[in-house]
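We begin with a single chain expressed as structure tokens, specifically the form predicted on its own.
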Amino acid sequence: MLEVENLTLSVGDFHLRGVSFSVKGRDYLTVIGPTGAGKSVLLEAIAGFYPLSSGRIALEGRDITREPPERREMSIVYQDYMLFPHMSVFDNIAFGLKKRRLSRGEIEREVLEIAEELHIDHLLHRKPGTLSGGEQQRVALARALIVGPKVLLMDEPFSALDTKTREELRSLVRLVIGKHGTTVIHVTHDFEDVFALAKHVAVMRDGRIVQFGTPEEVFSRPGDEFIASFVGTNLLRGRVEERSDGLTAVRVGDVILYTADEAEGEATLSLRPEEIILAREPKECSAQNVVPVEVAEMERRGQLVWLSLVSDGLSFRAVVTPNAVELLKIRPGERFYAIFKAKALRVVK
């Protein structure tokens, strides 16, 4: 559907450096990375807002590298909506259609249809300044989708919204995008967007894509320490002791851990914090790893609590709900058992 080959350009002191990737039709790609990694520049380069130093962009086999933005069959949605304040919601949504010389009846029919899909048909007479942030973003999405873009580009579209509104918009976007069959590239800093929407995810750093894959691949098997740290995955280094009965035993510090992956010699393992269960006593269960730990630190982040856990020569992080903290009476200095399955412990290298 969309091919980006060796994309290279400079914007002031910033450089995109040989970015290459492709997305299939109806794919949903999220682009993540630290501030300044080049995510927005990449999106706007694909849209045609910057001339390339080198590289090629092809849409359905057609070279669009030097096509102006209006001929690329793409729409873009920004964090701050970019609506026309002097126009009604109806006229904002209809803006792209008016250039196509459609009849008034055809325009009204299409505007009403997309407005109903995004639950804003009752707002068509209003001005953007009278709407909530979530309503304005729905208008921006409607304006972007009504022209039938082959690729929808979104630059942190939910980041200015409150948690509840973000969740509602994710669900609505998933339904509407699925109905229209639109291919999406979505820049975000919120991992909930990735887990809720993405089929693929690209991690950017310093103007390059450093890992590309499914969310499961990127978050469970980060390619290096930077990516592991960025996506919040524990990296554990050890040495393989043996493999038997479909499990590999790896010594990390003074602890033996079991993974379902194969490995030899020195091994680096990844473990997602949410895969860890805490218990006061070792439980009879199917999980192969039951590690005695002490809670070193606790940190509340929104609706979750992050725990720093230490054991014999081993340290890692787990995440639990505030309810679990109260139920288990989790406090720094308290001892627990960290329980996780062998398939949750993945060999990175």
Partner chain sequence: MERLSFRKVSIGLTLFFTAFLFLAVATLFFVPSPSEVVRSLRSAELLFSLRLSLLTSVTATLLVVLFGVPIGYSLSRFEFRGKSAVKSIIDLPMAFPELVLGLALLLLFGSTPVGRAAADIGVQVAFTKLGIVVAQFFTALPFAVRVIYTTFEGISRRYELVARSLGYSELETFIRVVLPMARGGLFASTIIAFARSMGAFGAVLILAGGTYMRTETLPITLYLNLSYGNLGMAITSGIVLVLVSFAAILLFEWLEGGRKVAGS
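This one's a predicted model, so the numbers in the text were calculated from it and none came from an experiment. Positions refer to the first chain, counted from 1.
In what follows, reference is made to the form predicted in complex with the partner chain, a form of this protein that is not presented.
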Open item on the list: in the predicted complex, does residue 197 come within 4.5 Å of the partner chain, counting heavy atoms only?
Closed with: no
Open item on the list: Given that the partner chain is not shown alongside this chain, does residue 111 nevertheless sit within 4.5 Å of it in the predicted complex, heavy atom to heavy atom?
Closed with: no
Open item on the list: When the contact criterion is heavy atoms within 4.5 Å, does residue 275 count as touching the partner chain in the predicted complex?
Closed with: no
Open item on the list: Within 4.5 Å, heavy atoms only: does residue 74 come near the partner chain in the predicted complex?
Closed with: yes
Task: Contact assignment for the partner chain in the predicted complex, among 313, 282, 69, 34, heavy atom within 4.5 Å - done: 69
Task: Contact residue in the predicted complex, from 105, 246, 265, 85 (heavy atom within 4.5 Å of the partner chain) - done: 85
Open item on the list: Is it true that 99, 147 and 155, all three, sit within 4.5 Å of the partner chain in the predicted complex, judged by heavy atoms?
Closed with: yes
TODO: Within 4.5 Å of the partner chain in the predicted complex, counting heavy atoms only, one of 320 to 328, 302 to 310, 286 to 294, 61 to 69 shows up; tell me which.
DONE: 61 to 69
Open item on the list: Only counting heavy atoms and a 4.5 Å limit, does any residue of 38 to 55 reach the partner chain in the predicted complex, and if so which ones?
Closed with: 44, 49
